[in-house]
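What follows is a single chain, given as structure tokens, in the form predicted on its own.
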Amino acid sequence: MLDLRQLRENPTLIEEGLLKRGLKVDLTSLKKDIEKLRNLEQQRSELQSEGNLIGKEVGQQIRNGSKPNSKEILFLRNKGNEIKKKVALLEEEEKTLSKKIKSIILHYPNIPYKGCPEGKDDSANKLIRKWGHPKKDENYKEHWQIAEKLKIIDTERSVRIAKSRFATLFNQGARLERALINFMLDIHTSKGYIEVLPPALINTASLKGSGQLPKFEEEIFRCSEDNLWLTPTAEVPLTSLHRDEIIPFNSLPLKYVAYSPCFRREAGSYGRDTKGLIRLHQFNKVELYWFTNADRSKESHQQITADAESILQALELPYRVIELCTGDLGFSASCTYDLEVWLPGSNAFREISSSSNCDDFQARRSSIRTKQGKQTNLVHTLNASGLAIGRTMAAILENGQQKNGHVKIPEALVPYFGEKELKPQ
């Protein structure tokens, strides 16, 4: 959530930041409301102070011998009651105005950081680095074609069970999925991450805190009778682990890793990636999440990105790192690196991880702070896929495909999978 003080004191800076993201807004009216809210708070505070002084005066006069029903005491008490009525009216006006302001700013995305590449769409994204040697051959098959021959994925039966864009894994496919989850969790916990297995059903406050609501309501599956939602990513429950808390400064950075099933409607992707594991309504993911202080925010972003990259390197999967431009940033992010893995069957790089620094945006929405001495500040939050399991499986199938129809398993994954190859059964 955007900073109310900054909106009040420097709305032009906010307008310029939003414009870089392609949003042209006029914050004049919002600024007036924020200023009015501050004046209301000041009036209420002054009246409450006056009321407290009257209460002390009443007590003092009674102790000095005045009778409780004397004219002086009754006058003071009537005056105090009038102040209480005024305070109550101001509090109600504050509550209404505060709700109005919050409902507006909850729809505004984070401001890009100063060095973020400027551009309207992904054509302005910036290549940071590449790793590995992409295989290129027109005879390479796509992962869903390989999976069908290996009989490890069945989408037709999934439609019978649920609907389209769900996948059921069998035999080696199910085992490979499980192996990847365990492999990733072990790698990350060996680096000091705390493993978490969060609920898959989450409340509205959690989604608002991380930035998914109210903006992306149509993308999330909802259990309306219970007012719960299916988590779109473990980023959401991990953000809320410390909602409304003060994290001790010496505990930072807090680094979490979580496996979770993820559920998304993919409402805006009709007709795209209808086959295979790239764009499903349900998929598994291992998520990395950091709480850190502002001074270490940038270096933390580099480290969480490197930790996500380490999985691709261990699996010997070629990839590239792309810095997203202002017009392509996610809602809560101020800076994002996408890791794009090479899929030789598609002859293209595809996103497999998004690593974002959200600075204090989510922390402000979730009221997550840290205290150093007498100073209390908002923490900074960072997240990265470490990695998306289905897309990792797709990359292994395409990069490991052999001419005899087998698929080579990356050496680091063999102890988890139990065999060196996937073979037709």
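Residue numbers run from 1 along the displayed sequence. Just so we're on the same page, rigid core means the largest C-alpha set that superposes within 1.5 Å between forms. Because the structure is a prediction, the values reported are computed rather than measured.
Beyond the structure shown, there is the form predicted together with the RNA, which is absent from this document and is the topic of what follows.
Undergrad: Since exactly one of A205, I246, A306, A294 fits, which has a heavy atom within 4.5 Å of the RNA in the predicted complex?
TA: If I apply the 4.5 Å criterion carefully, the residue I get is I246.
Undergrad: Please tell me whether the candidate spot formed by S158, T168 and A174 is one where all three residues come within 4.5 Å of the RNA in the predicted complex (heavy atoms).
TA: Not a single listed residue reaches the RNA in the predicted complex, so no.
Undergrad: For the chain shown here without its partner, which stretch in 61 to 69, 394 to 402, 379 to 387, 352 to 360 has non-hydrogen atoms within 4.5 angstroms of the RNA in the predicted complex?
TA: In the other structure, the partner sits against 61 to 69.
Undergrad: Does K95 reach the RNA in the predicted complex, with heavy atoms at most 4.5 Å apart?
TA: Because a heavy atom of K95 falls inside 4.5 Å of the RNA in the predicted complex, the answer is yes.
Undergrad: Classify L40 as contacting or not contacting the RNA in the predicted complex by the rule of any non-hydrogen atom within 4.5 angstroms, answering yes or no.
TA: L40: no, not in contact with the RNA in the predicted complex.
Undergrad: With the partner left out of view, is L27 within 4.5 angstroms of the RNA in the predicted complex by any non-hydrogen atom?
TA: L27: no contact with the RNA in the predicted complex.
Undergrad: G119: heavy atom within 4.5 Å of the RNA in the predicted complex?
TA: Flag for G119 set to no.
Undergrad: Scan 80 to 110 and note down the residues that get a heavy atom within 4.5 Å of the RNA in the predicted complex; none is a fine answer too.
TA: Stretch hits, in order: G80, N81, K84, K95.
Undergrad: Could you tell me whether the Cα atom of E217 shifts by at least 2 Å between this form and the one not shown after core superposition?
TA: Moves: no, less than 2 Å.
Undergrad: Answer yes if the Cα of D121 shifts by 2 angstroms or more between this form and the one not shown on a rigid-core superposition, and no otherwise.
TA: No, the C-alpha moves less than 2 Å.
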